[in-house]
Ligand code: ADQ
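In structure tokens, one chain follows: the form predicted on its own.
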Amino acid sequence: MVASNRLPFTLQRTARGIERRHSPGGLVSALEPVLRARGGTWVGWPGMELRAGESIPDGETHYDVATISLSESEVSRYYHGFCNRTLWPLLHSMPGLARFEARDFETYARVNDRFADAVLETAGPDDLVWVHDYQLALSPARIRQRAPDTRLAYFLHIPFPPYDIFRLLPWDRELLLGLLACDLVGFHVPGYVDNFLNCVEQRLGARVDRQRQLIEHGDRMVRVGAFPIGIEYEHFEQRAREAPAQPETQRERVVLGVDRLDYTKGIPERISAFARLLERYPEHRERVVLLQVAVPSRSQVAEYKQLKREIDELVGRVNGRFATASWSPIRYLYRSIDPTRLAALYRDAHVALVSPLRDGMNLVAKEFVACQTESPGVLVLSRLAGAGETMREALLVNPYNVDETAEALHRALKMDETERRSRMEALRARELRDNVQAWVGSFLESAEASMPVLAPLSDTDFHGWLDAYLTRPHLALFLDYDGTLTELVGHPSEARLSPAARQAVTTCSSRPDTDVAIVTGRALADIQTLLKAPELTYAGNHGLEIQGPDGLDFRHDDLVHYAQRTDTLARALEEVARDGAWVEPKGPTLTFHYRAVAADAREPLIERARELITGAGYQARAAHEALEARPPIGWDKGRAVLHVLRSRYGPAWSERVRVLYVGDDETDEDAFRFLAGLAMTFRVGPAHTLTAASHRLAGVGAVLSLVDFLARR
């Protein structure tokens, strides 16, 4: 099952009614032959909103189609907005052109949810759902949320940028989480894989195995890989053999450029390089032309309108400078080209100049090679295209370096046939072998392979995380209890510390250079009774009550105002507690637990409990399958940690001590946010939610490994 922004055809309203037109672009060129051969379902947008009574005309696709309807407003904000004005330039490492609008992202998220819903309505339980490209980066998370056992894969058809560029996106972590809902995430080349792993590690704090290209995402593993895309090679080759000669290639030698009109394609730089060729090597004047085909694209976007004006003016200047009465150096075609005619141009061109400023792969380079069935030409290719990493026999250039490109063109035009044939035959053999079917086969083989297991956390992992941080002589370790040191259980009374956990905590706290504090939502007396370790510091009720060695004793001054009100609220909530819900009084706070309530019966209970809590003047805070009722006095785990640190180490505590905080709950996010940049923080458990923590740990076992490492360090 394929999900992509566009269907392989685009609908257009004409005088004859609704007509289907082949959709342009590399994604459709790569995938349409695959579904035609294998069958399946393609989910996508047909390019227009159908009116009442209109329907999609039939076509010979040999696979099913499921359509997504988008309003004009959604097209404007989702497609022209977030996709093309935000993600497209940013992912192509052109952040200066990116625009960041919150409303565009909100629309993008809603449309991604709709794509996911359409997939789920159509997909069978055993189907592989293959999501494509940057327009649908959030859809996998929605699919995984609603159907956890779905087999999910994703492929990005454009570059993935370095960490320093990707983190400019205000919603970078949301997109990363969307992709990590998949079992397999694919890119064109290893460089993009490395960039993605860097972003996941640094922005999500995920554990990464770079050698095996695995990511530990909560309780799931995600495989990442490079899968260089190919083309339908034999189809292009046959078309080139049958295509008649074109007049454009009969008079002069042709340097051919074929692109969508897009600022990533480097068309102005290409024209400048050709002009530099004519300037430096006059021998090519009146003998060589640059035939530039620019297929109209995204004409509604202002940057594309401006680019067209720039190219028009540049072509005019170059032709005005070098043209003679019988020769113009540049022939510029701003239109789509018939496939048969294009194949002939590929076949008969002496040089293909494929010089994007940045490109995921670039299939034009591969199409040119497939169509080289007669006298061999030369491929001049940008190093900044993904194809530059595999098509090594091309003349590789930096498209920003006009002089280098001009020199490569001169070399290509002067190259003897023996070298041309040697380079082209090697290119053709590789592209024949690594065609689109081989790409699909390789990707699906990886998607269907059993998931390897990441090795347990080791000292090597902890050294990598902590060695550069633990540079002060003293460590303050803060640990949550439930879900962090112990597994979550049906009732808090059943959560007991294991002997191994108790030993690790005790050993840590016995070190003269380490102080250990337990920060929990439990009542202070409750957690002290459970651990029976007077050398520890205890912060109960989310830090409203704190006790520890050296006379540390704190109880928030405002709690006296809530002593009676909590009892009243508890009685009111008892009347709501049914179907397995129950109330846990904890002195100045209380918790409404609904873990045992059936999922479809929870929402009314939660809403009524929230109303009662806020109506009684308390804050209702989400916890693990529970609602916390806390006094609205501006105190939380973050404030509690600050109080402990200031009391124990003084106002300049950050210069005297290194701090680690480990927790698994939304209530721990208060501490994560407070400690951002001041401590090493770890969020424990499922990884589908955003966190302010700097790292993630899969579960209680990983926490115990960390504490054990700290005890032995």
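Numbers for residues come from their place in the sequence shown, where the first is 1. The shown structure was predicted, so the numbers you read here are calculated from the model rather than taken from an experiment.
This next part talks about the form predicted together with the ligand, which is not shown.
Note that among 151-159, 120-128, 638-646, 597-605, the stretch whose heavy atoms approach the ligand to within 4.5 Å in the model of the complex is 151-159. The contact with the ligand in the model of the complex, taken as any heavy atom within 4.5 Å, belongs to Asp259 out of Glu237, Glu628, Glu269, Asp259. For the residues Leu314, Leu497, Ile337, Leu413, the 4.5 Å heavy atom test against the ligand in the model of the complex is passed only by Ile337.
Not displayed here, the ligand is approached by Gly360 to within 4.5 Å at the level of heavy atoms in the model of the complex. Although the partner is absent here, Ser29 is a contact residue: one of its heavy atoms lies within 4.5 angstroms of the ligand in the model of the complex.
In the model of the complex, at least one heavy atom of Val364 sits within 4.5 Å of the ligand. Contact annotation: Ile229 falls within 4.5 Å of the ligand in the model of the complex, judged by heavy atom distances.
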